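Before any questions on how it binds or moves, here is one chain, the form predicted alone, in structure tokens.
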Amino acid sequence: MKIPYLNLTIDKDEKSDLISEISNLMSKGRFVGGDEITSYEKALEKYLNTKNILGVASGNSSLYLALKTLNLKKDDEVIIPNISWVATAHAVEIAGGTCVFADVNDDLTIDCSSVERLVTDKTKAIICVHFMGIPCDIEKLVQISQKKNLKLIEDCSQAFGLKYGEKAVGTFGDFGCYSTNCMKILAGLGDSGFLISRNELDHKRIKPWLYNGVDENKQVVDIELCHRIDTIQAAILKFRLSKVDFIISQRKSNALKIIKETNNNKIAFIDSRERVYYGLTLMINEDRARLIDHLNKYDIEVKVEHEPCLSDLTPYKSHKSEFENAAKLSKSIVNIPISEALSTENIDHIIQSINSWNP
């Protein structure tokens, strides 16, 4: 019984529905632009109770386009968490700025105290990451950004469907950046993403950047590459949006069952009362490699997301950083499968395998 970390196979019923969506587009002969994209964006705005959403080619594009509005120069600093996927850091540097790496809390979200220590007169923005579907202390981050006159960008790539109180994440800051690639909670059949702009002027400014700086009147108004979402991805994502609440609910059910029935004092879970389950993270202070080997032996695929710290990567070793807790956590965490595609037998097997581990 091989249990993949994330099962991307498509069942028979959904396959039929998706083929129907694609077939309709083939009949129209429209694969870029069109009503499908506008319809998808409007559906997202309704689901997230917000406005000014633009579908884009990837989560990377979403972050980059938000940062481009800041007109960053090399000495301009953007504070980001020291544990994240490299796209968060790369977007800052490609947009012209310099990353500064803040430490993280025990729940893997950015440490607001570290952020406050790192703010200087060169700081232009903060990017917070709702890592593994766990919300940052967004109210505190809003306070810091307003007090210091900084832009706040939320990286929500792992947090679709997450609310902080009554509001969706991505709607607190100046920008909300989402990935909807095939590994995410709302998942396309390839790369895609979307961007929320709180300011209508930013929204209008970004629109031409989606297609090489060409505006709605076919005039070239700026220099940019192509960041637009494919029509096929928009149609697929709109269809899957109608089912995403079930996915969120099933992942939560799987994760909570594992947490409840795990009985091994060598292991702790990183969890939060309010969250969505992009993944479920175990923390073990020693013998992580042996635990990974043990789970692999029982045909359970696991992932480490992410090691090393961003400030340890070759391009960023000279950048300013705080990392004490991040360094400890990055060597102690491992993520296990909780996909909505898992069967009851899969979940029971994962629990039994964890419980049987005795280093």
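All residue numbers refer to positions in the sequence shown, first residue = 1. Not measured: the values here are computed from a predicted model.
As for the form predicted in complex with a further copy of the same chain, it is not shown, yet the points below apply to it.
Margin query: Check S23 for me: does it contact a further copy of the same chain in the model of the complex (non-hydrogen atoms, 4.5 angstroms)?
Written below: So S23 counts as contacting a further copy of the same chain.
Margin query: Can you tell me if D76 lies within 4.5 angstroms of a further copy of the same chain in the model of the complex, counting non-hydrogen atoms only?
Written below: Residue-level check for D76: no, no contact with a further copy of the same chain.
Next item on the list: May I ask you to check whether G34 falls inside a 4.5 Å heavy atom distance of a further copy of the same chain in the model of the complex?
Entry: Output for G34 is no: heavy atoms all beyond 4.5 Å of a further copy of the same chain.
Item checked: Any non-hydrogen atom of T171 within 4.5 angstroms of a further copy of the same chain in the model of the complex -> Output for T171 is no: heavy atoms all beyond 4.5 Å of a further copy of the same chain.
Margin query: Within 4.5 Å, heavy atoms only, which of A289, C226, L201, I259 is in contact with a further copy of the same chain in the model of the complex?
Written below: By the 4.5 Å heavy-atom cutoff, the listed residue in contact is C226.
Next item on the list: Have a look at E139, D222, E216, D245 for me and say which one sits with a heavy atom within 4.5 Å of a further copy of the same chain in the model of the complex.
Entry: Among E139, D222, E216, D245, a heavy atom within 4.5 Å of a further copy of the same chain in the model of the complex occurs only for D222.
Margin query: Just to confirm the contact call: exactly one of 41-49, 291-299, 59-67, 328-336 touches a further copy of the same chain in the model of the complex at a 4.5 Å heavy atom cutoff, so which is it?
Written below: Among the candidates, contact is made by 59-67.
Notebook entry, point to check: Mind listing which residues of 283-319 have a heavy atom within 4.5 Å of a further copy of the same chain in the model of the complex?
Noted result: Result: L313, T314, P315, Y316.
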